[in-house]
Every structure is written in structure tokens, then in C-alpha cells.
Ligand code: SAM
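In the block that follows, a single chain appears as C-alpha cells, in the form predicted on its own.
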């Protein structure tokens, strides 16, 4: 199904929307490709979708034309708002536009339960947003009233509280990442890409790469191939664990991934911790499965 809106190249030209590297922007212009992503996200099933960084609205248009009942789009770049407004006018009542930084939002306060998340994520915040959604963290306010949230690979900052409820507020994630990041998300033990992100994703979701997107599909073309990743939440995590402790043990272990765990985990208890968790102290982090990392987290003292 097509819409009556002009081609995206014309939209970008008319609103002078040159992509900003500082915002991690690479605009996806191929509407056939954006429709493929929308179908992979389940747009034909209707319901509400959440999109971060829509830019000129290529994926937004695809989600709506493929059957999404509503799209809630968060765009930080004010330059893109008029183009998104045109889409809202073409689909009355179906597009809600929020001008904000997605990292600072508590989505559970603005989104309905069971929302699907579908985004061509800005490269500079993609991993941070994924970690936010996987950990169930929500932003809080500090003494000055400023929002705070976690950063990529840094665990949970002060001001971010983990949500113990699982399954999460979203029912699926269909996201675009650089191919290297996508491989880290789906990696299994004993592989070169296996690391902290693999453990976190594998602990609470079933993740798979659906297909790659050639760099030539973007304006401007990024320097790398991208991939569409689908993550579906498990009813329960692979093994029970406290997210803060799981972050601590994976950070320590993969921070020195060439070393045996008895050395890399020494600040957290070393051999005593490994013995308590029933893990060989001579093992290296890439040899442990998700359940074993959960065991380490549970063995960690308060």
C-alpha cells in the first residue's frame, strides 16, 4: 500500500534536512526496504508502534502504510518535525510526535503495554537504548530535576532504577544496528563476538538477525553494513539474577577477556566467588553461558 506523500528525497530537499553526524543520522530512503522492515516488525497486525529517531519519516510511513494502528515517534532533531507533521496530516490521528531525547524518557509513562518498538536507531545511541530496554531501567530526577539514564557499557548510572518486573512493557524489538553490534547481540559462547551485550540480550530475549542493509541504501552512506535485529522477550529470564550484579560481573569478566576468570574477577572475590558459583577458575569469560553468568551474579556479595 502506498501513500500520497512525496518521495523522501524530495522531502529532504524541501526541508533542507542534511543528516547530522553529531546525531548519528543516516536517512533510509528506500521505501521498499522500509516496508520490509515494517513487515518484519509486525505492522500488518495493527496495534501501536514506538519509533526512535524517525528523521524525515521513511520507516514511519512504512509502518503506517503496512497497517500499524498508531505510531508514537520520538525525534530529537527539531528540523525533522515539519516533515513528520506532513505524515501526521496524511494519517489523521495515527501519528504522535514527541520532540525529546529518547534516552531521557521513561517510556512506561507514555506508551501502552505491549507496544512494539521498531526503529532505525541513530548509531551513536543505539546500544544505549537497547540496554535501557533490556534492563527495564527508567529515568528518575536528581536534585536539580535533570533526567539521568545509563550509557553504553557503563551499567546503570546513579538516578536510574532497575525495573524488576519482567516481561517488559514492549512485546518485540525490531531494530537496525551496525552489523558488528548486531553480531554482538546474537553471539553465543565460544565466539569472538560474545560479550556483555550478548549475555544481557540472551538472558532475557530470543534475538536473531533478520537481514542486512547495504550502506548504499542510506543518505549519507555509512561506512559499514547495517543489520535488522529482532528481539522477542522470554516469559522469564534464562536464570534469575539481579541486573546490577549481572552488569558488575560481566563488566569485570569481559573487561579483561583474555585473562582467566580467577584474575579478572579478583576485585569481586576471585576464586572464592567462582567456587561459590560452581565455575572453573581457569575458564575465560567467553566460555561461560548466560546461566553461569547469572550464577556468578547470585554469588556476588551485597
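Quick caveat, the model's predicted, so the values are computed rather than measured. Numbering follows the first chain given and starts at 1.
As for the form predicted in complex with the ligand, it is not shown, yet the points below apply to it.
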Can residue 135 be called a contact residue for the ligand in the model of the complex at 4.5 Å between heavy atoms?
no
Taking heavy atoms and a 4.5 Å cut-off, does residue 52 contact the ligand in the model of the complex?
yes
Touches the ligand in the model of the complex: residue 102 (any heavy atom, 4.5 Å):
yes
Tell me, yes or no, whether residue 23 is in contact with the ligand in the model of the complex, where a contact means a heavy atom of each within 4.5 Å.
yes
Name the residue from 125, 200, 187, 90 that puts a heavy atom within 4.5 Å of the ligand in the model of the complex.
125
Counting any non-hydrogen atom inside 4.5 Å, which residue from 76, 193, 230, 108 sits next to the ligand in the model of the complex?
76
Counting only heavy atoms and a 4.5 Å cutoff, which of 206 to 214, 76 to 84, 108 to 116, 177 to 185 contacts the ligand in the model of the complex?
76 to 84
Do any residues of 276 to 296 have a non-hydrogen atom within 4.5 angstroms of the ligand in the model of the complex? If so, which ones, in sequence order?
none
